[in-house]
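Read the single chain below, which is given as structure tokens and is the form predicted alone.
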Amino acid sequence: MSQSYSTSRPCRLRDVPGWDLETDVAVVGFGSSGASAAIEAAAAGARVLVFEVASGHGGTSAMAGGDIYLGGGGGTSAQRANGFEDATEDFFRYMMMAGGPDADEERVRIYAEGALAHHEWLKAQGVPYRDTYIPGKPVMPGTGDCLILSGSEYAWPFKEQARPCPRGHLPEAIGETGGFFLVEALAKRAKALGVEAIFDTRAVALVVDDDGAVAGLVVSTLGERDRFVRARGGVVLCAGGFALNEAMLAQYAPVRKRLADDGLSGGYDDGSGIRLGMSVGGTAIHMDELFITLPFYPPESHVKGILINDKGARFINEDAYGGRVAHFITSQIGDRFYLLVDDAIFQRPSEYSKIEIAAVGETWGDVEAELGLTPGSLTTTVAIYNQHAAKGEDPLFHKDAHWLKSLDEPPYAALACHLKEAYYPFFTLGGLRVRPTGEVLTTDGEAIVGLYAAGRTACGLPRWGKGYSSGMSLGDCTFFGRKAGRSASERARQAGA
């Protein structure tokens, strides 16, 4: 890290001794958003330099399952091939609900109307897809099949406003390598278009002129002096979120303190991209929002169980996406939570979930006593649930009838889903406020000339943990990364005209 420059303080153009490198578009970060930005900028005729702190492309995107949230227009090829019809308005309404109280309607509309074309674009870049479907609630199945249910589409309240449809689209990859295949294909395409990537290099400051426009950046490579990079069209920040910056998490997202040390990051989500944007007047929004999940399924039979807090009370319809469930857990007071199952649905939880068996009994009263809960709390909750489940109803939390079953076949068990003990992986959703075109905005809503952001450095489609669906982040990264690259290349063209 440079000792002379800081991501929280820009370098003035008048202090630049000379340009070491010159380009039309400079991209910071070579994950899925950076690669997508680079492809579009290069395809438009711009010269593109990508600066990546790691020794190769990938970023956090390469650690993901690789699914991208797609639909609308009647359905993608995979949706249609498996008998699903997905109207754009249903896709739009679901995405608006998933975006929460501050969903960006303009951004959601653009994505909903452009998702089909984006799917074809991904294929054209070399990302392989089958048109096969995996039913149920799989999590990163790794079979090479494409279409999965990756959110709360069939769960209340989402199904009340938007016709359900599976929308997670996985690349054709065996094992949990879909994200790697996605970024590998995009990086290969970028390089074929002439994009030059400079690795083991960190962006340490933005360069601004007297009017506040971004003219370039300062980069630092270990063992070398700092270099000054002129970017005629602008700088595109695609450096990820801040899941690995404990100081920023403590400042903006204190719920992180309730979780174990199990973030989801490729290793460099240190918030540097967000800090660079803020250093020149960019505003960051929804910084308190995290994606948090709890892998209480698979096995999917456990969705038929019920989750209770340390008061013995339910608080969520368990058929919702695991990320939504985890957010309702962290909204509760206390750290002890249990999944109640009977012998008919019990399977040993996956090893990576870190969910242990907390109590076993021949009656629910035995389980309640072993857990040390207030007498009558757990047993009353189960009795009410069973009474309605037997009739295919859940009037309290509206769990879908498909997942309703009376928990009445002993022995019974309580599985510990405790905070700080079970696996609650997370990443950040907050970031720089941007237009759909990628332009970074100030607190007053003014665009910072020459500065763009995409991916988790920006606050995009996924901005509300309780509505997140798997694939929204990579969808946002690639779709709006493309738009940011296009915007920067257009500015470079105008500057050279």
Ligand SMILES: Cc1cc2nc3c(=O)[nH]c(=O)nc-3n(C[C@H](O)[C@H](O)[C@H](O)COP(=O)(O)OP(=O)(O)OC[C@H]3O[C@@H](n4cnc5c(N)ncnc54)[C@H](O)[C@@H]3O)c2cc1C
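For every residue, the number given is its place in the sequence shown, counted from 1. What you see is a predicted model, and the numbers here were worked out from it, not measured in a lab.
This protein has a second form, the form predicted in complex with the named molecule, left out of what is shown; the following refers to that one.
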| property | result |
| --- | --- |
| All of G29, G59 and M63 with a heavy atom within 4.5 Å of the named molecule in the model of the complex | yes |
| Among the candidates Y133, F181, Y154, Y268, the residue which, in the model of the complex, approaches the named molecule to within 4.5 Å (heavy atoms) | Y268 |
| Contact residue in the model of the complex, chosen from V280, V303, A203, A173 - any heavy atom within 4.5 Å of the named molecule | A203 |
| Stretch in contact, per heavy atom within 4.5 angstroms of the named molecule in the model of the complex, of 372 to 380, 95 to 103, 238 to 246, 356 to 364 | 238 to 246 |
| Interface membership of L407, the named molecule in the model of the complex, 4.5 Å heavy atom rule | no |
| In the model of the complex, S272 touching the named molecule (heavy atom, 4.5 Å) | yes |
| 4.5 Å heavy atom contact, A447 and the named molecule in the model of the complex | no |
| Any non-hydrogen atom of G471 within 4.5 angstroms of the named molecule in the model of the complex | yes |
| Contacts with the named molecule in the model of the complex - residues in 401 to 434 whose heavy atoms fall within 4.5 Å | F427 |
